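Taking the form predicted on its own, here's one chain by itself in structure tokens.
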């Protein structure tokens, strides 16, 4: 399983990369704009934090295929481990196909249906990113879209990975993993909910209390 942090906040990335074995970071124009740091500045800093061998997914801004391809080369010039995020449109499909021929890795982003993801995989995308919560917020079934894509790629021998994205809660994260998603990207705001639990905290406090009551100290010596 691959685990990515969905953030452009350097402090968040540093905090969680020190605690989790992450495979990289995903960003988008909204996340980068929120931090007020241009992509050319923030991407190298992310690599400095997480390691030069990890992956950082960075999205193009152009909406036509020629512009997407040009920006993809620009993004890859910053670091060879950049994966270029391309929106799934007709222009995006053309760009993904051309970039595959040039050896540039891509993530088809903004996926909301299984057919979109299948076409992106056929065009040569390395990853497809279904937006789970956005699908469910419009009365769709985001978990099923992920499950369908996982099955389709297995049935047809496609090497593309499903990079499940856009979660509202920990339940959705668990469900996409049970559905077989090989890659997920999580907003750091959701991570504490996956770690913290009052029962765990209660057990720890009980252990310490019992030890302190018997020995009169917290020291192991």
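Just so it is clear, the model here is predicted, and its values are computed rather than measured. Numbering follows the first chain given and starts at 1.
What comes next is about the form predicted in complex with ligand E4P, which does not appear here.
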Among 26 to 34, 64 to 72, 48 to 56, 169 to 177, which stretch has residues with heavy atoms no more than 4.5 Å from ligand E4P in the model of the complex?
26 to 34
Just give me the single entry in 151, 122, 134, 100 that has a non-hydrogen atom within 4.5 angstroms of ligand E4P in the model of the complex.
134
Is there a non-hydrogen atom of residue 160 within 4.5 angstroms of a non-hydrogen atom of ligand E4P in the model of the complex?
no
Could you list which residues of 70 to 104 come within 4.5 Å of ligand E4P in the model of the complex, counting heavy atoms only?
85
